[in-house]
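Consider the single chain below, provided in structure tokens and representing the form predicted alone.
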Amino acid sequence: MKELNFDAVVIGGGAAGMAAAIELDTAGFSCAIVEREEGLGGILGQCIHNGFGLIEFNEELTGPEFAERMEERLTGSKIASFTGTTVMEMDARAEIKTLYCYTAKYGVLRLNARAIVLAMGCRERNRGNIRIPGDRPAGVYTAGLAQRLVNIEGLVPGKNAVIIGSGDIGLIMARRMSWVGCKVHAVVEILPYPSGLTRNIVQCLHDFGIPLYLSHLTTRIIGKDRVEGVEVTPIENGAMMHEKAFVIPCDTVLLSVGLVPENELSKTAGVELNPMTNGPVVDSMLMTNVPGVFACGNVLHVHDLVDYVAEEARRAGQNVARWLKGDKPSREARLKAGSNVRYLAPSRVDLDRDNKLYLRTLIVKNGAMLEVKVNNRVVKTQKKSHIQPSEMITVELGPKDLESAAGSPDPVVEVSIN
């Protein structure tokens, strides 16, 4: 068994993993990236559409271009990259953590490190997660799998498609399938509002004349050997209107019904997960309940833009470097999701440093007001012209905003939207 030692190991070689590793290398710590695919970049490699990089690189890029720019930043660094390598076990109980990896090049590889950064990204929810009745015919794919088939393998899954769920990957695939000659008959969404970004609704559905059925539930997938159609039932005032159900003929169904942080490895290592995000619970340094284990990017909570993933991962890398030097927060406050807020990440703020919070709302509203309270006292407000659950909201809080928490034995910072 080949054994190597590093100050930190980053699990995942996508935008988050590369960004965190670069910060660690810049701070002078030895670092390795472990990536199960044969190259770095993660899911970006199959996202050939543009819309990436406007924040991170100040220009519009495709997914592969964004990944290439991130890889260019690795040039000249001392970061070790282990691609085609899968982490099978993580022992994080001791001061020196151990990763057991399987790789074609080395067989079993043992990596030892003082710190670990979880950056494994997320995975798609599938038909089993949403339990759509019907048989199990061919022609049912997740939107991400269909994206890989079309963009990487050069295969077209079908000729007549219906997309279930209005997540961003599904919306983008509605456009992509149209471009390769497939007729997309509808996007069906159970919620009364879209799950994807507004720009994708416009560019991927409206521009192609693809109908979006909001407040509609897919109640059956029809077909034995191959998909023949889907039964769709409207929802009115919270009740299913079975008498108004209709069938959309198709030979292909793409599922775009949400993403889940990839945390099977985290759970086996004893990392506490947030039931609202399915990602780790982290403090102001983005460190989990397991000392020395940090999390960032989509494995922590599902982001809407890869630019935010890279931004958060950079801060994670900087925090790991601080922790390796023995620097820890002296004063923290608990974060509480108030009215109309689904979740907040991280779970705590540092009273003596600048903090950036990420959150998602539970409502769709124009002219909303975001309010931050410290121990029930309003310390900051922000006007939001439009909010919706699919679009992430960021809030910055500095020591000045949090000074009223000083002296409190258990300060609480609450973020609400009204």
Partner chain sequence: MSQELVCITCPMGCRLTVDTLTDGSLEVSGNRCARGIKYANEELLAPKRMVSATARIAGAGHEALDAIARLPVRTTVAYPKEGVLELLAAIYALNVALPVKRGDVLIKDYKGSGVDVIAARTLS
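As the structure is a computational prediction, the values presented were derived from the model and not from experiment. Numbering follows the first chain given and starts at 1.
The protein also exists as the form predicted in complex with the partner chain; that form is not presented, and the subsequent description refers to it.
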Only one of 355 to 363, 45 to 53, 23 to 31, 368 to 376 sits within 4.5 Å of the partner chain in the predicted complex by heavy atom distance, namely 45 to 53
Whether E272, H301 and E414 jointly form a contact site for the partner chain in the predicted complex is the question; each needs a heavy atom within 4.5 Å.
no
So in the predicted complex, is the partner chain close enough to P64 to count as touching (4.5 Å, heavy atoms)? yes
- Task: Answer with yes or no whether S81 is in contact with the partner chain in the predicted complex, where contact means some heavy atom within 4.5 Å.
- Result: no
(message) My question is simply whether N112 lines the interface with the partner chain in the predicted complex - judged by any non-hydrogen atom within 4.5 Å.
(response) no
Open item on the list: Residue-level contact is defined here as any heavy atom of the residue lying within 4.5 Å of the partner chain in the predicted complex; does V150 satisfy this criterion?
Closed with: yes
In this chain shown alone, the residue from M241, V247, M276, V180 with a heavy atom within 4.5 Å of the partner chain in the predicted complex is V180
Partner-free chain; cross-checking the partner chain in the predicted complex, the single residue of E236, E95, D327, D207 with a heavy atom within 4.5 Å is D207
Residues in 364 to 391 that come within 4.5 Å of the partner chain in the predicted complex by at least one heavy atom, in order, are N366, S385, H386, Q388, E391
